[in-house]
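Next comes just one chain, in structure tokens: the form predicted alone.
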């Protein structure tokens, strides 16, 4: 018989080993999925994970890898503060969208002014405030009315999606766009464009900010009192209360951090790779960032590596779609497999498997 025996303490070895095993298991399960779809499993896995970095067209895909990874890392870093404290902000997707709307709104309000020294910093502030305020709604409702932040933040995602579609055909629609939905292209507006800082590298201000966020978060978690309070609240809320941690204040701060960084990611995306407010604004970064956060073990360095890995699935998925006619939805299923594999294997962190002979009656 196989039974699970609870460990006295969580295993440090399995804590860091399960994400690696989850990736391997996902590759195997993904291969089975691709085989059922009539695709060559090994070729599909190679196209997704190998070709974008080492393949013939790697020179094109590598810069895109950084552009895709930056918003995932930024959002996941923000989520890690709340998740570590037991505060579950599932609505980062909505905060990301609202940050994009607010940042683009500032740029379009100043159009065609060319004072980049003024406009782009204001866009950054607006993006942060937009995401922060959107995250503050579930935070305040939780603190004052004891609502569930998971449900409220998730429902606000759908409100944000409705808003961006409405703005793309209404207030922000390009007056020179011949009636088509979508705002002006900010990439063609020098004062508001978040273009590559070094040509053909993929490095823009979003990438720089993501790396900076990783460093700051690492310092906070390792060296700062606030990081200690976050960890303590997540591990033992009662002990945190005795230590003087105000749970309501912690909820508001953690939600503001995650919302602000998600909004900032949305601003960098709309001013850079995406370029405009549109109903089909690049979606699911906020949801994929949840996978990034847990795959990275809520550790800033781990999140950096996990963000690059998930970005690789986006880039490799596009390559597989074009070269193998692989449906885009298959890549989303693949990412979902990664999360479920991680959650399944995570049992081994707190439990060990014991084999026991069955007793014969």
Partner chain sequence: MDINPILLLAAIMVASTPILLAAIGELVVERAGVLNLGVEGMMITGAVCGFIVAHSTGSATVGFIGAAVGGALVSTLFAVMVIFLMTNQVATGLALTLFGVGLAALMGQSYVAEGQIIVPKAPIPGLSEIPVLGPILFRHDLVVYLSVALVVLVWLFLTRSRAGLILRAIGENAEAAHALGHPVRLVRFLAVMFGGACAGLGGAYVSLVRVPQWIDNITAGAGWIALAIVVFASWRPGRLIIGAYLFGGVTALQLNIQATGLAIPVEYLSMSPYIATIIVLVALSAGRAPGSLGKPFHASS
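We call the rigid core whatever largest set of C-alpha positions still superposes within 1.5 Å between the two forms. Quick caveat, the model's predicted, so the values are computed rather than measured. Positions refer to the first chain, counted from 1.
One more form of this protein should be noted, the form predicted together with the partner chain, which is absent from this view; the next part is about it.
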Quiz item: Which of 217-225, 88-96, 238-246, 70-78 has heavy atoms within 4.5 Å of the partner chain in the predicted complex?
Solution: 88-96
Exercise. Note which of 42, 28, 301, 37 lies within 4.5 Å of the partner chain in the predicted complex, where distance is taken over heavy atoms; exactly one does.
Key: 37
Quiz prompt | Sole residue of 109, 197, 125, 162 within 4.5 Å of the partner chain in the predicted complex, by heavy atom | solution = 162
Quiz item: Should the three residues 33, 166 and 332 be counted as contacting the partner chain in the predicted complex, with contact defined as a heavy atom within 4.5 Å for each?
Solution: yes
Quiz item: Quick one: is residue 212 in contact with the partner chain in the predicted complex, heavy atoms, 4.5 Å cut-off?
Solution: no
Quiz prompt | Partner proximity in the predicted complex: residue 145 to the partner chain, non-hydrogen atom cutoff 4.5 Å | solution = yes
Exercise. Using a 4.5 Å heavy atom cut-off, state whether residue 354 contacts the partner chain in the predicted complex.
Key: no
Self-check item: 4.5 angstroms heavy atom contact with the partner chain in the predicted complex for residue 152
Solution: yes
Practice problem: Between 282-318 and the partner chain in the predicted complex, list the residues on our side with a heavy atom within 4.5 Å. | Solution: 284, 287, 290, 291, 294
Quiz item: Using the core for the fit, does the CA position of residue 294 change by 2 Å or more between the shown form and the other one?
Solution: no
Quiz item: By the 2 angstroms cut-off, has the C-alpha of residue 305 moved between the shown form and the other one once the rigid core is superposed?
Solution: no
Exercise. Taking the rigid core as the superposition reference, indicate whether the CA of residue 65 shifts 2 angstroms or more between the shown form and the other one.
Key: no
Quiz prompt | CA-CA separation of residue 89 and residue 336, closer or farther in the predicted complex than in the form shown [shift of 3 angstroms or more] | solution = farther
Exercise. Look at the CA atoms of residue 8 and residue 228: state whether they lie closer or farther apart in the predicted complex than in this form, given a difference of 3 Å or more.
Key: closer
